[in-house]
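Have a look below at one chain only, the form predicted alone, in structure tokens format.
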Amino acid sequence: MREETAVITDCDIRTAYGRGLACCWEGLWEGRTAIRPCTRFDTGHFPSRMAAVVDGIGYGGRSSLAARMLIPLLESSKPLVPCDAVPVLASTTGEIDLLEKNVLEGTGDAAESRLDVFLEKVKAAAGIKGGGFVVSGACASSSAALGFAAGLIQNGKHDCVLVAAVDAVTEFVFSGFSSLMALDPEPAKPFDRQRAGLSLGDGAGFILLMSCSRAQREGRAILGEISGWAMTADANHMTGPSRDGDGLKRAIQKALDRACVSDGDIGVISSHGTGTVYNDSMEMKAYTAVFGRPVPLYSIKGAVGHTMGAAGLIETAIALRVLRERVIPATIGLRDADPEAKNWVSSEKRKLEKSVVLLNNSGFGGVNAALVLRQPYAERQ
């Protein structure tokens, strides 16, 4: 059986900058962070007040925070999504505020917070019938979902997959990361010498993937190609990454091999880059082991915060713009690069020299996901 190429034909995102890829790219281009004091709930008893939340979406609405971020994106894009698309929902906590409400106020049905229930809402909003999948792999959820979707297409099982991802900043989530002492009192500073933790962020979006043959047959614009993907597990700790970065290194190598590219083909790394001491150091050890020399890298988490399960999808959307504009965005929040990251990361925009992007995300439980994103084939000629 001939393997199909998995291409991206449409996408939309929502972050604390606002709705749309252009809005997010503008914020990155201008070097301004969307992280600010959070007023969605009382943060006075937490070690940090900082988060990147979407304006106008707070507690008290008829539907969950996640639904109010994601469902409008899908409803307005319904004409773009074929009814036979296979839906994949990626999230860590989904509509967790429904569970919060049930526990704290005794109202509503706790079962309504389940991800399989949310998947049905996603399908209805997108106009999709039939089955679907839920991928919940901590903060690597949506990058894992994109790799899963690309595999379904490459193996000929399906020729159209809709990946939708969302996570919201709730009091439950905020308190969890606070208990781990993982939140920076200031906006996050990925790869900085003085980094002190992450900043949480709202995030939602979708990416529509098709086989290249179907996209061409339907006259779809092709935005990029997912040519490689891989996942590994550290088997190290419930929340802490393996300090030597070996699990991430193996995921990167496997993704490069699947994409049939070498480490020398990579023009930029879209890193997980949370701003926690151990995550950033683990990543740098993995990159050094794979590449052996500095490769330009950036993180957007000092700008939009850590959007948890939605991070990989949002970062893939940004990487599409990086390939189109041939510009590497600055790492917002970076002031003084940690010695391990020096000559890799920059607080200034840079020119993209090679048209292949490596993306990676890691999460609790030691999960690591890596993707290789390329320009459309026609643009590489």
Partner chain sequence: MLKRRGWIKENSCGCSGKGREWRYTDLRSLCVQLLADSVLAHPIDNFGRFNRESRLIVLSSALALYDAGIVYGRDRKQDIGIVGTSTDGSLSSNLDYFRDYASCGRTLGRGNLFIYTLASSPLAESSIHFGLQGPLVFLRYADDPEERMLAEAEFMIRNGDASALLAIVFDSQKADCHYLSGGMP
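None of these values were measured; they are calculated from a predicted model. Numbering follows the first chain given and starts at 1.
One more form of this protein should be noted, the form predicted in complex with the partner chain, which is absent from this view; the next part is about it.
Original post:
Residues in which of 91-99, 72-80, 280-288, 216-224 have heavy atoms within 4.5 Å of the partner chain in the model of the complex?
Top reply: Of the stretches listed, the one contacting the partner is 91-99.
Subject >> Of A196, L256, I266, M231, the one that lies within 4.5 Å of the partner chain in the model of the complex (heavy atoms) >> reply: Residue within 4.5 Å of the partner: M231.
Original post:
Which of C160, I128, C212, L119 has a heavy atom within 4.5 Å of the partner chain in the model of the complex?
Top reply: In short, L119.
**OP:** Would you check, heavy atoms only and a 4.5 Å threshold, whether K249 touches the partner chain in the model of the complex?
**Re:** Contact check for K249: no, nothing within 4.5 Å of the partner chain in the model of the complex.
Original post:
Can G20 be called a contact residue for the partner chain in the model of the complex at 4.5 Å between heavy atoms?
Top reply: Outside the cut-off, so no.
Original post:
For A235, is any heavy atom within 4.5 Å of the partner chain in the model of the complex, or not?
Top reply: Within the cut-off, so yes.
Original post:
Using 4.5 Å between non-hydrogen atoms, is R335 touching the partner chain in the model of the complex?
Top reply: It does not: once the partner chain is placed as it appears in the model of the complex, R335 has no heavy atom within 4.5 Å of it.
**OP:** Output the sequence-ordered list of residues from 148-175 with at least one heavy atom within 4.5 Å of the partner chain in the model of the complex.
**Re:** Read in sequence order, the residues that approach the partner chain (within 4.5 Å, in the model of the complex) are F148, G151, L152, N155, K157, E171, F172, V173, S175.
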